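The chain below stands alone and is given as structure tokens, in the form predicted on its own.
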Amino acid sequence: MSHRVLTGITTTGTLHLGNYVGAIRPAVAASRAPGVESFFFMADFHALIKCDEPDRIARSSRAIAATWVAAGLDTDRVTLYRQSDIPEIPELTWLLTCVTAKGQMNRAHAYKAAVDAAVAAGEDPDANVSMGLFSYPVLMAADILMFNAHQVPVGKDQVQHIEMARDVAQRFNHLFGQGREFFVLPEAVTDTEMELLPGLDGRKMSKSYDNVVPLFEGGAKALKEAIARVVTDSKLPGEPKDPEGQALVTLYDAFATPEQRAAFRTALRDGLGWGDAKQQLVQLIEAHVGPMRARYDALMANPAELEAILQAGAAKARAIAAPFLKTLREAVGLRPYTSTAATTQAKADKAALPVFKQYREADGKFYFKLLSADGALLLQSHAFEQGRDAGQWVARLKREGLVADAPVAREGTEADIAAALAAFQAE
């Protein structure tokens, strides 16, 4: 299995410049790294926990999906999907719920915060707690474990939920694995160096402070008006200005090259007026954001195109989720009544199954090949420097079928290859 990274995207509200610089831009860049398989999902099931306005959820989900695509997310390379388009996720949530201790959920930060707020207000401790809020960490665990993500980029407030997902995964593996590790234990990735943009008043850019610079909303006009409101000192044009600690300069730095940053600071120390400085900042941001905004506007004007992108992503996601959930259902005992007989028959017919063979050639390189039940060559691998790399690919092909990036030459027909690999998934 390649290295998998999974990112959940909250589908309430709209995104601002701080979201782009702090989260979207670095995530899009990371998704282009070689050897990384990235999953991005619109967390619309999660949105139901804290929002009971259907139109707002639908509108926000659409706008945020369009924002990520417009910001450069390559949907041919990554898997972008709506959580609600993957029915295997709520089913896995129930399987995990059945092995999750209530005491562990009692310790979840969001639940404890809701209880504390109710008690402070003189209300019943659970007055404002839905089962969605209480069980939120289990749904989050299902999001992660469904695709066996190795890493999950989260804020510090979500690290506890990743630890809970690890605990639930370990318990499931222990109870039902019989020596098999169904789930990878995920790791939380927190970026301590994540760039936090200042808002118009110098505090952290946040909707709760009403100090944001919109990313796409309102177009170039809204961007210009927001930058005009950035707080600066009272020095007049011609007076030297200290660029350090200025929100305007920090905003400029987020989009500028090192040469542009140095020139901007020099100009301010030489007396550049704040009005002209703000105009330069608008031009700099617009050069970056303008083309993305045009793509965003086109997607928002053509919901069918955006829907097609999400449905294609859902198909990719379900190609992984559906067979995996079938395996998990079998593991917990949710099986067809014929499965015992089928298993017995499969053991009897084991000699007639297709087979992978791994070997080392005289050149010192490692290879594998897939042979049909009657010995015909179906797949021949490329060379590997390490035997474990060949083994990892064999395991992935058995689990997922023939993926597009598999380092193999097809020697048999597509139908014969697909049938042979399906036989491994049915074991």
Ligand code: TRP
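All of these numbers come straight from a predicted model, not from anything done at the bench. In case it trips you up, residue 1 is the first one in the sequence shown, and so on.
A second form of this protein, the form predicted in complex with tryptophan (TRP), is not displayed here; the remarks below concern that form.
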For this session: Would you check, heavy atoms only and a 4.5 Å threshold, whether L80 touches tryptophan (TRP) in the predicted bound form?
Result: no
Problem set entry | Exercise: A63 in contact with tryptophan (TRP) in the predicted bound form, heavy atom 4.5 Å | no
Exercise. Hey, in the predicted bound form, is V138 touching tryptophan (TRP), heavy atoms inside 4.5 Å?
Worked result: no
Exercise. Does L251 reach tryptophan (TRP) in the predicted bound form, with heavy atoms at most 4.5 Å apart?
Worked result: no
Problem set entry | in the predicted bound form, segment of 396 to 404, 25 to 33, 40 to 48, 357 to 365 with a heavy atom within 4.5 Å of tryptophan (TRP) | 40 to 48
For this session: Could you work out which of A319, V129, A118, V154 is the residue within 4.5 angstroms of tryptophan (TRP) in the predicted bound form, going by heavy atoms?
Result: V154
Seminar exercise, completed: Contacts from 141 to 170 to tryptophan (TRP) in the predicted bound form (any heavy atom within 4.5 Å), listed N to C, are D143, I144, V152, V154, Q158
